[in-house]
Every structure is written in C-alpha cells, then in structure tokens.
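Quick heads-up: the structure tokens below are two forms of one chain, split into structure 1 and structure 2.
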Structure 1
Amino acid sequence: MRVKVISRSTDEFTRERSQDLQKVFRNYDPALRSQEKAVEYTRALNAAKLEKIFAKPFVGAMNGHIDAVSCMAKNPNHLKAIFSGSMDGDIRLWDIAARKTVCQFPGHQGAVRGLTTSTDGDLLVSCGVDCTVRLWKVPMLKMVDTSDRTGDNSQPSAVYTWKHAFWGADHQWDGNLFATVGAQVDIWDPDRSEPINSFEWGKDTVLSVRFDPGDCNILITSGSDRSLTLYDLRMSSPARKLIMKTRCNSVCWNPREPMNFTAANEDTNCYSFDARRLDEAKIVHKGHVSAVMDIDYSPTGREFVTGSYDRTVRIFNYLGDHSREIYHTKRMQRVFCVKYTYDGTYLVSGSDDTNLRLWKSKASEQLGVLLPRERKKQEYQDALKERYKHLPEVKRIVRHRHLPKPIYKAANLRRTMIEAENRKEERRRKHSAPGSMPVQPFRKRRIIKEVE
C-alpha cells in the first residue's frame, strides 16, 4: 500500500540569521501568470520615468583660472587628478574629489595650447604660442584632504625654445618620446633640447596630434588645410593624408580598437574612420549645431565625449549616429576641451567662462557605494528598459532631452537647411541624364581625396 504525504524540511524555509532574506518559492509556469508581459511593460515604463527624475549629471564646477580653459591632460598616476591650461598661460593641477587647485605651474607668456603627461605620470609637458616647450616635475598628489594648496611648482625642469608657436602636444602611450605640432610636426626626446625628428607636408598649421594606443610609432594629426595625416616614426616622410571639405579641430583614437579613430569636425559632425581604409567614414555622428572643438574616448572604447562651440557637451556611443546624452548649463559658454576620467565614471569639460565642470558619465547613476540589493534592482531595471526600448511610450521617454531654446531653434533651422539641400539635389538628379549624377553616401560626401 502506497501512501503520499506532504513533507518539507525546516532547512528549506528557515533563515540562518535574522538579517538574511526570506526564501520565496515561485512557480515559473507561464500559464499561471498571463499578465506577466503587461506587468514587465509597466515596470519598464516606471524605470524610464525614474531615470529621468534622478538624472542630475552636473557634479560641480572648479574655478580658479582667470581666462578661458584651452587644454587639459589626465594624470595616469591618480584617478582624481587632472591638469588644465588656460589662454593666459596659467597651468593648474586639480584634485577632482575636492574640486580644488593642488598646484600651479607659472611660466608661459601666452596661451597654453598643449598639455600631456608621460607614461609614468612623473613628467608634465606643456607648450604654447610663446614658442617654448616646458617640462615640469609632477608633485605627488596627497591622498588626503587638500583644503590647503601645496603651493606653486614655479620652476620647470627644462625649457626648450623653438622657431614657431605650438598648437598641440601628445605623449607616446608606451615610450619616452612626445610630439608637438604647429608649423610642423616635431618629435622630442625629454633629454634633448631640440627635436630628434620633424615632419612637414604642406605649409599650413597643424592643430592637434594623437599617438596610436596600439603602436607607439603611429600618430595622426589634423591641420588647418582640412587634412588628417598619418605618420610613422620609422619612416622619413608622412604616410597618408586625407583631405576633407572642412577642417578637423581634434582627433582621438579608440583605445580598445586602435585601428579606428574619430575626428571632431567644423561642420558640426564627428567622423569615425578605419585607418586602413580612409576613402569613407565608418560612421557619421550627428547632433551638434556648431563646430565640434574637442573629443575624448572613454577607457572602455564604447563611448566618446565631445565639446562644441554651441555650449553643449554630448556623449555618443561609438557605433551610434546620434548622441546618448546632452549636458548644458546656463552659465557654461563655448566648450574648448573635454576629458573622460580614467575609470570612465566622470568627465571634465573646460569652457570659455574660465571654469572646469565635472559631470557624471551616466546622468542618473547613484554616487557612492551600492548595496547588493540596490545593484540587482538597477540591473533589473536596465534590462527591462533594454527589452522594451522599441515600444513607443518607453522610447519617447528615454530619448527625450530638454535643450536650451537657442540650440533647439538652431537644430530645427539646420534640419530645414539639410532637407532643402537634399530636395535640391534630388530634383537636379531627376533632370539630369541617367547615371550622370550617382547617389553618393553621406559617409563619402565630406571627403575630397586621399593622398598617398
């Protein structure tokens, strides 16, 4: 004779400690919960709304400069340290956590145009329009309260005077050499007072320079002749040159895909290229309504930040054609330089109103230490938003960004102009001989030619 009995062990439902969570037993049979999709959709909608409610990206401003901030550099030794240079020749080391100046580096007689640090973070290189390159010993940033400044580091370890003004500088990711640009591209060794190598292609001013993270011998420059030029230090002459219709103000390599780079252009767009194939852009990133002045990639290589003359800071996905976030304040003026922190959590912008501003890279991210339950809840809400992002109501809430009225009007005007230009080109094609005006993709439209 068989007898069925209901039995359960106390170990299955009894907590070991009073702080433990109660065990909940659920039957995951979908037939028992016919409203599961509707409940999840409502939760996704609420998660999207809560994200907007808690979106407070602005952390704080760092003031101290008396002229516009022209360039910035990160310190690889410390997450919370950043250097900034201004148009009056002032260079400062900032503690981002305390948002205060730690040290000043006086000496330049004109605008500081280039700042970069060595690979070990012990050497700061600055250059400017006073035709000098100055090397500074970086003081140790004390990991304690910086309520009192450590003073001025008034004497540079070396000053090299050269024949022309400088517009930018960058250091090798793995090596001792650094490059400066101006009338030409100069390669310097910190121990020598003159460049060890110089490159020149044309007579126009070179505006920015960046070394390749994957190969310390490869670098790229952007010039006022609307060119992007690739150089190889192992060769005696420049390698390749790409000429566009408008000039690029800045350029940055993707640290995780070091064959790809993105250029910030005067025509309000950013163009991502593969260095092995320069005849067309991989992606055109749109959104700004005025010239893009600076660009910097996140350490993960999945996102980059841009600063523009239209007084906004935007964050783009590296594969996205439109910005994910738009940051602006009433007081922030034209943005000249932007940087991600080394952990990718924050970004710093320097603008014409003499201030540096600290922003969160994720606008609604909670600062501080999260409990495991809070982290799991946030991950669950992110997964819900990702699953239902294609539905109209969730999509509308997630995509909406409030813009200042001048930028909103400028964006509408620019959209109208582009549509009129496209209509004109379409009508011209209709009234031309078949095949005489082929359709050219936008990725190739702004490129004139590639020179070997």
Structure 2
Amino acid sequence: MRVKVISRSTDEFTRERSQDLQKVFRNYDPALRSQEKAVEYTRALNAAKLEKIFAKPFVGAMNGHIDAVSCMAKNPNHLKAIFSGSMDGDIRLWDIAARKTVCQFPGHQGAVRGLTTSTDGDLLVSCGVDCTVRLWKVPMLKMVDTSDRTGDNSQPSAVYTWKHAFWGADHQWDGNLFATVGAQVDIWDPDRSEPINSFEWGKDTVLSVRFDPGDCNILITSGSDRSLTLYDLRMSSPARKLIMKTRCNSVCWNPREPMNFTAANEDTNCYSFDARRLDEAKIVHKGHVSAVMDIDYSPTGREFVTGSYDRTVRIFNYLGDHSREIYHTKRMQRVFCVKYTYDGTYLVSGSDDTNLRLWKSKASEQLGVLLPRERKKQEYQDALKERYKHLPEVKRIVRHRHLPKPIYKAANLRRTMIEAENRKEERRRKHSAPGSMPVQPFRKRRIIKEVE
C-alpha cells in the first residue's frame, strides 16, 4: 500500500556553490503567522522612536560675514553654490559642500537688500540701500578648485546708480530681464544703465518682488501699505492689488503650481493664495509666534520653509495648516532669509548672528547613497509610521518636538488669547440678532479688499 507523507531531502535545500544565495521558500498562509497586527504595531512604534533618535537636522554653519545676513540667492544650474549679502555690503559666494567662501564681491556701501542670479547662472545682480545696482560675473569654475579658499575679490562688471534705495530684486526665470523694487518697481535689461520700465501704484515702499516661474511676464510684489500687487510686463499698468490687515514681508511662488503663491505675513501667519482668486486665501499656515521674515518653496512644490523673527525655521507642507518641523538653535538669532537648495535635501538659513546655517530638510534622513536594502527598510518604516500615526502612542512620539522655553510660552499665550477672543465673539454673536454678525472664515478675515 502506498502512503504519501512529507519527505524532504537536504539536497533540495542546500546551495550548490558557496557564492550562490541561499534559497528562500515562501508560504503566505496567514495561519502560519500569529499576532501579525501586534508585530506590525510594535514595529511602527520602534520606527517612530528610531526616527527621533536619528533626527539630527543641523549639518553645519558657514561663518565669514561680519554683519547680519540680509538676503540670499541661488541658481538651478549650480547646486553647490549659494550667494549671501549682508547688512554691511559684503556679498559672498559659498560652496555648500565645503561650507567655505569661494569668492567675495565687495563694493556696496550700505546694506545689500536684493540678490539674484541670471537664468544661466553667470551673472549676479545685487542692489542695496546705496541706490546702486551692481552686476558681477560669477567665477563658477572656482567651485571646482577647492584649494583656493577665501578667494580673490572680484570687480563688478557694471554699476548702475539710480534715484532711490532698493529693497529687493528678482530675475525672470526664462528671459534676461530683472526687476528691482524700492520706491517703485523698475524693470531692467542688463545691458542698459537705466530701467526700461517702471510701475507704481500708490506712493508707498515696495518691499519684495518675485517673478512667476510659470509665466515669465508676471511678477508679484509686497508693499509697506499692507498690499500684494500683481504686475504683468506686457501691460502698461499694474494688474491687481490685494490689501491685507498686516504687511507681507516676503512672497514665493509654488514652482510646481505656478498660479499659487504663499505670502509671509507680519501677523505670524503665511497665506497661500491662488493668483486668479485673490479675495480669499486658500490656506492659512499657522505656527510661528513672531513675524515671518522669509519664505521659500522646495523644488518639489510640496513643502516650503519659513524663517521668522522668533529665531526659528519651520517647514510646512504646502497644504498644511501647521508646521511639520521646527528647527532652532541657541546660537541662531532672528532669521532674516531662508532658502531651499535645488535638490530639495537641504535648507540654508541666514540670520542676525552673521551665520548661514545648513539644515537637513528631513531631520532623520540618512545622507549619501543608500544600499537597496537600506532604502527598502526606510520605505517600509515610513509606510508603518504612516499607517499607525493616528494611534495615541505613535502620534505622541511622532509629534513631539522640543521647543525653546520662550517660544513655548509665547505659543501658549497666543493660544489663550485667540481662544478668549473666539469665545467673546461667540457670545457677542449669541446676544445679537440672528444674522447680524455673519461668521467670516479665517481665510478671509485678514484681507481687507481686492482692488483692480
């Protein structure tokens, strides 16, 4: 009688040569695995804890300036390079990988307020409170030769003097025109010593300017009359103006959705708008406890970084109403400018204490080339944290950030004040005739009006 039983011969399960991989046999029957969910939950918890252990976002500081850093500029053609200008007129070109100055561009007599590079990266435009616009030829080849440290000084290739102090500058993404702002908006051609065009709406100072990455003729400016103004170069006068309750310090367009822009406001919030519908903010990004000084988008368009007067740098998701990450150091004072590098991995912040600081965009990321196994493990752990992030224990670990005491207390105070105001408004509404006090969404509350 023939009886069928399991019989395994070790030959099938041993490898032929020692260079071969061991054979792997799979049986996906869930009956062989018990308590799968508990194992997965434990792994998610461990992954959250490991993320916190490896979260070391600060990479290094670049020191060299002797006064506060007022503005920075970057160029998509050169990933390692960043330009910074300070309040005493000193402009430097930094190599981010070595964290050293490659080249200095002395010449400005006062603070450098605007720095921008041309489309191909060969020309640097700087403007300042000494009413001059200087154009510099950038020695990008010097970046390759790292032995040449603090480098020799360059001479500007052109100096244009104008009538008023400048507050900001930006270059078109595709053309060769650049704009400077101060008392009015001036459009320059690099070959001409006078602006080819000027725009003005009202007599107030214009503080910052940005060209739209999608359409090279559109630009947006923020002014000290609490306004955001849209200009089209093909038209002879400004297109649209939006007046808010407080002034916007800086604006940035989303590089992947060029109709949306985000403005960094004095009232500690950032407002994202759709340029076609300015009557209502799309999203209000809350988090900072003091004025937001600068904002820059990641090249992916999915998150942006803000630097604020409260000595912190925050990273927000482009649709998020609260920050995903907050970076602070005891030595970093008021942050005046921030920039995301063009590979999306690092951010550079320039602050009042004359240093530029390099941070990682994902605090626990392992830099460098990962082995395929390492990458897969990291992706698995990210997926686990994503799946279990709503559970209380995992959420507590993932959300936890250490805040400096002044920021923590200031945030609590703000929360108390806002809640008190909300309560009072609710009571006023209850005690007045129904319908006499309409509910205004927060997105609209800080906007006064839109002017054509």
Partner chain sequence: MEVAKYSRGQGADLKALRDKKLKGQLSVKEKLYGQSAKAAAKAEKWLMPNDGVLGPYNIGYTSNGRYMLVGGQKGHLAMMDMLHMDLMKEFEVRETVRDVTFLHNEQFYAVAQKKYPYIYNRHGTEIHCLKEHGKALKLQFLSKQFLLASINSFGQLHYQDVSTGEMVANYRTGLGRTDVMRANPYNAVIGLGHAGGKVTMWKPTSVKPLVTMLCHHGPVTAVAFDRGGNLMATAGVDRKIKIWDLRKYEVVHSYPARAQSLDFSQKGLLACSNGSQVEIYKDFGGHDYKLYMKHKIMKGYQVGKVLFRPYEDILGIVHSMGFSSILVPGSGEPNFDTFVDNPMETTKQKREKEVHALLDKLPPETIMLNPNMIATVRAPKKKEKKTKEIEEEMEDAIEAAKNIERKKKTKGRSKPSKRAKKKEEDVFKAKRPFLEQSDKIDGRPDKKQRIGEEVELPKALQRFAKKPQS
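In this text, rigid core is short for the largest set of C-alphas that superpose within 1.5 Å between two forms. Everything numeric in this text was worked out from a predicted model, so none of it was measured. Sequence positions of structure 1, starting at 1, serve as the residue numbers.
Here, the chain labelled structure 2 is taken from the form predicted in complex with its partner chain. Put the two forms on the same core and the Cα of T14 is off by 2 Å or more between structure 1 and structure 2.
Once you line up the core between structure 1 and structure 2, the Cα of V24 ends up 2 Å or more from where it was. Superposition on the rigid core between structure 1 and structure 2 places the CA atom of R33 2 Å or more away from its counterpart.
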